[in-house]
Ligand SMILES: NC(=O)c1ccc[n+]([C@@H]2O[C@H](COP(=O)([O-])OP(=O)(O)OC[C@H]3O[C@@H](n4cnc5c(N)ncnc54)[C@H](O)[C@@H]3O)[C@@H](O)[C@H]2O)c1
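There is one chain below, alone, in structure tokens, taken in the form predicted alone.
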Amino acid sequence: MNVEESFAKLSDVKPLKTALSRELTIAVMGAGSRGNEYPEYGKLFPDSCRVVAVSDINEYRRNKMAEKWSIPADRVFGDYHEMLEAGKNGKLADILLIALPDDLHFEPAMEAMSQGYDILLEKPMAQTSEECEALLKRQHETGVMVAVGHVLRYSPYFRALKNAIDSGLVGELVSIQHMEPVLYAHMAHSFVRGNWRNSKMTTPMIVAKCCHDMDLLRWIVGKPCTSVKAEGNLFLFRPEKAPEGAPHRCTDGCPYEATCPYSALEIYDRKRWFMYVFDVPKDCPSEQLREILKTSDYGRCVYHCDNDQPDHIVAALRFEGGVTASFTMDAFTPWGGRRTRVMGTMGFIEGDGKTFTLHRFDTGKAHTWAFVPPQGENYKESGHAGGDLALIRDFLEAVDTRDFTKLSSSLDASVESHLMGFSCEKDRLFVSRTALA
């Protein structure tokens, strides 16, 4: 098969709809963004799956999910412990979806495996490498199916990119340059003001945000990582970087607010980004939203938060066989979406998360790949460029058939990529400490 034929086959995708032997039931822990996104598969493809129980301490969110899925009152819980307690008398569903905050993944996952649930566990798996290893040990002991939400593996773009490498279109793989650009406002929202702002409360940035990237690199290379080195720090979002006289809240008459790109009024009120965190309509009156910002964490000045996550990271990784990869996470970009360069002995690939171009050394020709969804497919309904729905499809198939190979990522592989991230963080902090000595 020539290069043109091989390249054309990269666009072959598996249909999103799957045929199951029965409708599978889901209990949801955490009715936020991710807790709502995955079960949407059941709305697009009726009789595939449905939510039959929900747990969330936020009354608005749990009631909204209960109404959407017609969940009976005795299956609507507040704290996740209530759902786990009810499960001791028999599983509430075939599948438990754990989409709680990062620091609440380990305990319910460990207990739920003992109760016999198959689990879809939102990333990151846990807060430490030791907890990740404990989860893997429990999964091996119980034999239940556990998948981590590494959705990028399932997107058509990254599947095509991996297939291009595996099929030899770049010759032998030599090295990869991979970048995670975090939109400047996303950094301020999630990792300065938001739920992932503090590594001790959640997980380190390279795990909380970049475990997708560690997973992608391990998956694309296809061999164990043998060495990591990392640098990075919190450069901007610190008190000493605050403009003179800046108050602790953007709503307190900040003299710099009108020109500050990180202003809460600019991001949430004027642009109406990330509105899902407020549990109000996107078009709610400015007066109402500004009142919320006066007391919400999201109304704080980015220079006066309890954050410690680095806003830039550089990591160097070596894999078995000599392949190397460089990874950067940068918070100061006007866009999101991963950027990747692949260097091989016969070709070079450069991609931006939507399209990629292969440059062949032998012919001098360039071949560009762009995903065109098959007619009738619902990729526009799926987050992460189709990855969300493709992940739940494969997970449902795996649960239905009890075939672990239906999943692109085993729990063993997910643990390995998490350990890569934790190792990078350990190395980054060690360098910082020695530099200050």
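One-based numbering along the sequence shown. This one's a predicted model, so the numbers in the text were calculated from it and none came from an experiment.
Separately, the form predicted together with the ligand exists; it is not shown, and the next lines address it.
Undergrad: Between the ligand and R34, R61 and A99, in the predicted complex, does every residue show a non-hydrogen atom at 4.5 Å or closer?
TA: Every residue of the candidate spot has a heavy atom within 4.5 Å of the ligand in the predicted complex.
Undergrad: When the ligand is placed as it is in the predicted complex, which of 143 to 151, 217 to 225, 265 to 273, 287 to 295 ends up with heavy atoms within 4.5 Å of it?
TA: Residues of 143 to 151 come within 4.5 Å of the partner.
Undergrad: Have a look at I57, A398, L44, V52 for me and say which one sits with a heavy atom within 4.5 Å of the ligand in the predicted complex.
TA: Exactly one residue meets the criterion: I57.
Undergrad: Just one of T324, N233, N195, N163 has a heavy atom within 4.5 Å of the ligand in the predicted complex. Which one?
TA: Looking at the other structure, the residue within range turns out to be N195.
Undergrad: In the predicted complex, does G78 come within 4.5 Å of the ligand, counting heavy atoms only?
TA: So G78 counts as contacting the ligand.
Undergrad: Although the ligand is absent from this view, report whether L104 comes within 4.5 Å of it in the predicted complex, heavy atoms only.
TA: So L104 counts as contacting the ligand.
Undergrad: Does the ligand get within 4.5 angstroms of any non-hydrogen atom of D311 in the predicted complex?
TA: No, D311 stays farther than 4.5 Å from the ligand in the predicted complex.
Undergrad: How about W369 - does it come within 4.5 Å of the ligand in the predicted complex, if we only consider non-hydrogen atoms?
TA: No, W369 sits far enough from the ligand in the predicted complex that none of its heavy atoms falls within 4.5 Å.
Undergrad: Which residues within 104 to 128 place at least one heavy atom within 4.5 Å of the ligand in the predicted complex?
TA: L104, H105, E122, K123, P124 sit within 4.5 Å of the partner.
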